[in-house]
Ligand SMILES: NC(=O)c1ccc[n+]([C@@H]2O[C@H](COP(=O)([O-])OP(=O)(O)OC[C@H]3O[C@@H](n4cnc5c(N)ncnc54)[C@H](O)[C@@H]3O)[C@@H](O)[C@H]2O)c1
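Take a look at this one chain, the form predicted on its own, written out in structure tokens.
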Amino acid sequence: MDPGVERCELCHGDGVTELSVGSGQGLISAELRPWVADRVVFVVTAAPIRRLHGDCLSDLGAAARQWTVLEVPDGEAAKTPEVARDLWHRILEAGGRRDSRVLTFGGGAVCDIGGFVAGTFMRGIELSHVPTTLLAQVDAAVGGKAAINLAAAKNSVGVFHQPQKVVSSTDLLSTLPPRQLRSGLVELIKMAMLLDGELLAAIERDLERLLVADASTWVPMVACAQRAKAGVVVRVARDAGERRVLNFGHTLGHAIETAQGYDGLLHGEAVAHGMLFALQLAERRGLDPALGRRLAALLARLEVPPLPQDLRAEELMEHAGRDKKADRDGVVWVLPTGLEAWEAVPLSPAEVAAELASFLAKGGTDC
């Protein structure tokens, strides 16, 4: 066993997901070669990732019985019913069966569409992820959630389908544009804020080193985030109870993305504004403002773009009301009550709308 690889197991109702994080050229092949050996494998990826890093999978392709690469559009454009339908047909026409396997190779959107198709084709075939972005490594690839978007609501059609393996090579982060890296860091900060105060302190201390995407620096950070998320998912497999903590910042974040037609702020950037809005709501309920200032200062170092000026509170409230985690009592907001402490509470639309109007009038955040 490579001592430079950090490992974690996520146990769930369907078995065990093996999580491995490391650097070095042989990691992906060493971790996945037994899984693809003599199998019919369908690789879901996007053209930019294939051009940059496709060579990483060459050994795996040689080990498979059949190796078919299926390209999807880059980014959120991949997460549509039309793309899912196209993938189902292409897999079926290429000989896909119940014992075939899907391997995703890309960022969060690729993990989502690949996981959704694997979870629905033939009522579910085996899946593994090789996430290539920070956001995917710390969040999208871990936990078994996969979904596509509708025009009116993000991730509103989906399944829970746990991967067999998630292999995260931090070497792949070296080609990420700075904006994408910073967007992924927001998800890391989200988990650190409510699940691991020591990780939050480490991010604050090492942020400048992290932003240059040094592979060895990222290994313990990614592994720590995966363990934190796995610790939640192993206790609550679905979107309820303790797992709601992972929605911190996402209720408003998803509404912002939807209002912009999934073609504006990056996911992490929208979530950053959502986190700061949640802190504004939390301060009204007694949260120490110093915690909000601490988070705002950290996000300011990421140079998160400001909110677009044309966003309207009424439209964002409408989109938030369609959030997949809303229930019969309305929209449930995850609000910090302290470091590593939180509550999930349904708030009245009137209360949220008043705060949101104030938030937008200030430009959202100064970060």
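Numbers follow the displayed sequence, beginning with 1. Just so it is clear, the model here is predicted, and its values are computed rather than measured.
Another form exists, predicted in complex with the named molecule; not displayed. Remarks below refer to it.
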**OP:** Counting only non-hydrogen atoms, choose the one of 92-100, 171-179, 117-125, 287-295 that falls within 4.5 Å of the named molecule in the model of the complex.
**Re:** 171-179
Original post:
Going by a heavy atom distance of 4.5 Å, is Asp74 a contact of the named molecule in the model of the complex?
Top reply: yes
**OP:** Could you confirm whether Gly253 comes within 4.5 Å of the named molecule in the model of the complex, counting heavy atoms only?
**Re:** no
Original post:
For Thr104, is any heavy atom within 4.5 Å of the named molecule in the model of the complex, or not?
Top reply: no
Original post:
Contact between Gly61 and the named molecule in the model of the complex at 4.5 Å, heavy atoms?
Top reply: no
Original post:
Of Leu302, Leu311, Ile49, Leu70, which one comes within 4.5 Å of the named molecule in the model of the complex, counting heavy atoms only?
Top reply: Ile49
Subject >> Cys224, Val167, Leu135, Val245 - the one with a heavy atom within 4.5 Å of the named molecule in the model of the complex >> reply: Leu135
Original post:
For 103-118: residues with a non-hydrogen atom within 4.5 angstroms of the named molecule in the model of the complex?
Top reply: Gly107, Gly108, Ala109, Val110, Asp112
